[in-house]
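Take a look at this single chain in structure tokens; it is the form predicted alone.
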């Protein structure tokens, strides 16, 4: 009995201290990063990391696969860019406008598709996203194939100069952390636990009296809102919104980021986004071969890392902890 206590208690103590320690180390690294790495690259990673985390909230914790999340990401990018450039709104209000557009689109998509399941839900969201893409291509305010370029970086606070890339990076970091904390609180709330129950056994959750469709709809709208925040943030940070943000490939890319990092994990989508953005940035000289490399990595992850990189690492640590406990 004494031996068992000695092996179990320290493991729990280490776990309690590891989480804030790792979080502090990650925050410290994020604060130092723009002085070591190109800030534009880091902003790109953070924007897509937020996008992947928002998608993972839906797919990883509610078990809903959407092929239309580019509509929320790209649609919000256009709205935010238009508000900043044509209406003269500061970056903060432009982000709010982008989030609102993501929420509205999410409500429309969810109202149409939420009662469908599996591949039928995915196909409906993909079809609706293609409608958004057609609107972005044809509408006058979007700039057609040229998109909206030269988006100004204005701030409500006069002492914050967002024209400076490093200052803009810290602004993006703050917004990312706010979005990430919101996702973390949602996942660990009673609402998040109910989403997990729906993912594991939807008929049983319905039999217990829960309005499953309503909770799935709320999760979908929340995911769309945060995806809109990510798209709006990217439009302000990179000062443009283009058709690339709203095309179907973007929906597939966020699925790939989530799968590589680990579906249903907290930091997996961040890792997946970092890997894919690094590949696109540092392998750009290989042109279209980058897509082939991404496809190969996707196949390897599906075959060898079914739970994603972080998911497999967590499973390995869990097995080691069980062996230590025994």
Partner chain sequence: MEHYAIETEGLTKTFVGFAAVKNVALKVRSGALHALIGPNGAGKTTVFNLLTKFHLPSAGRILIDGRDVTALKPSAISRRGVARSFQISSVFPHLSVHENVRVALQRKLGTGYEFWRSNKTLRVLDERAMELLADVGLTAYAGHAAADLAYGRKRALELATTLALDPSVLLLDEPMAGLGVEDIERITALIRSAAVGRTVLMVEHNLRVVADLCDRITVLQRGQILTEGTYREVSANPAVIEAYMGNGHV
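Residue numbers count along the first chain shown, from 1. Nothing here was measured: the structure is a model prediction, and the numbers come from that model.
This protein has a second form, the form predicted in complex with its partner chain, left out of what is shown; the following refers to that one.
The stretch from 101 to 109, 230 to 238, 178 to 186, 141 to 149 that comes within 4.5 Å of its partner chain in the model of the complex, counting heavy atoms only, is 178 to 186. At the 4.5 Å threshold, heavy atoms of residue 156 stay clear of its partner chain in the model of the complex, well away from it. Shown alone here, residue 200 lies within 4.5 Å of its partner chain in the model of the complex, counting heavy atoms only. Heavy atoms of residue 121 never reach within 4.5 Å of its partner chain in the model of the complex, leaving it off the interface. Remark: residue 135 does not count among the residues lining its partner chain in the model of the complex, judged by a heavy atom distance of 4.5 Å or less. Distance criterion of 4.5 Å from any heavy atom to its partner chain in the model of the complex singles out 222 from the list 173, 97, 222, 256. Shown here without its partner, the chain carries 279, 295 and 302, none of which come within 4.5 Å of its partner chain in the model of the complex through any heavy atom.
Contact annotation for 188 to 212: residues with any non-hydrogen atom within 4.5 angstroms of its partner chain in the model of the complex are 188, 189, 190, 191, 193, 194, 196, 197, 200, 201, 203, 204, 205, 206, 207, 208, 209, 210, 211, listed in sequence order.
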